[in-house]
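In the form predicted alone, a lone chain appears below as C-alpha cells.
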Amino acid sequence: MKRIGFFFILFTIESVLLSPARAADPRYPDWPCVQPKVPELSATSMWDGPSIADVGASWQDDPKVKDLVDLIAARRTPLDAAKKAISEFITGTPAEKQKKAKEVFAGVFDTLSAQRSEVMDGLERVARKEMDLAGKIEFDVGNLHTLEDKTDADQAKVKTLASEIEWSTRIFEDRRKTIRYVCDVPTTIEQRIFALARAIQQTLN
C-alpha cells in the first residue's frame, strides 16, 4: 500500500475519533452515535394511563400477561398484530381492564427498556474496541513509515506490517458501519414502546 493510502487511513480514523458525536456530551465519552445518549427512559413520558408504580415486576407472575408482553415487545411482531393482540386481551370490567392495561404496559416498558440498555451498552463496548483498534493502526502506520525510511529496509517485514494494517483497517471500517446502523436501534425501541403504550391506552378509552 502506498504511503498516501496510510495518510488517508489516519485521516479517516482521526475523523471518527474527533467526530461531533464523541464531543457532544463529555459525560459519555464512549458514546459513538450522533443521536444524544439518554441512559434511561421515563415511563411517564410515554404513558398517559394510570400509574404503574404499584405494578413493579408483578406482571411476570401472570403467564398470560407475560406471554402477551413477549409477543408484542418482539420487534418481529408487526404493530397491527400487536394492537390486535392487545385489544383481545384487555377486556372485562373497567377495573379489570385497567389492571390488565397497567400490567401489560409495565411489562412492555421493562422488557424493551432492558433491550435498549443492552443495545446501548453493546454500542459503547464496540466503540471502545474501535478506539483501541484506531490506536493500534496509528501505531503500526508509524512503525511502517520508520521501516520504509530505512535504506536497508526489510521488505518482508514491511509487507507483513502493511498487510496487518490493511486487515485492521478493514475491521475498523466494518465496525464503523455496524455502529452507524445500530445507532438507530435505541430510537426504534423507544418508538415501539410509545406505539404500544398508545395502543394499550386506547383499550381503556
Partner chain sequence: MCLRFILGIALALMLVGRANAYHAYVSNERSNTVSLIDTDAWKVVKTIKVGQRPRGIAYTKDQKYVLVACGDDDTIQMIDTSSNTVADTLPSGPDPELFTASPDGKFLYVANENDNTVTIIDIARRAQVGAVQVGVEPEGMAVSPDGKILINTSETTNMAHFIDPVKHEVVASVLVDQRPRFAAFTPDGTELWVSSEVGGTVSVIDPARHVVKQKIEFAIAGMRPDPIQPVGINITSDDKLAFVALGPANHVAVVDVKTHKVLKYLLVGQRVWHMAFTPDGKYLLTANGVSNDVSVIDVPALKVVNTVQVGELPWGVAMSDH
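Residue numbers count along the first chain shown, from 1. What you see is a predicted model, and the numbers here were worked out from it, not measured in a lab.
Below, we turn to the form predicted in complex with the partner chain, even though it does not appear here.
Q: Would M46 sit within 4.5 Å of the partner chain in the model of the complex, counting heavy atoms only?
A: Yes, M46 lies within 4.5 Å of the partner chain in the model of the complex.
Q: May I ask you to state whether D54 is within 4.5 Å of the partner chain in the model of the complex, using heavy atom distances?
A: Looking in the model of the complex, residue contacts with the partner chain do not include D54, since no heavy atom lies within 4.5 Å.
Q: Spell out, yes or no, whether the shortest heavy atom distance between D67 and the partner chain in the model of the complex is within 4.5 Å.
A: No, D67 is distant from the partner.
Q: Using 4.5 Å between non-hydrogen atoms, is R27 touching the partner chain in the model of the complex?
A: R27: contacts the partner chain in the model of the complex.
Q: Quick one: find which of 56-64, 145-153, 35-43, 173-181 has residues within 4.5 Å of the partner chain in the model of the complex by heavy atom distance.
A: One stretch meets the cut-off, namely 35-43.
Q: Let me know which residues along 180-205 have a heavy atom within 4.5 Å of the partner chain in the model of the complex, or say none if there are none.
A: Heavy-atom contacts within 4.5 Å come from T187, E190, Q191, F194, R198.
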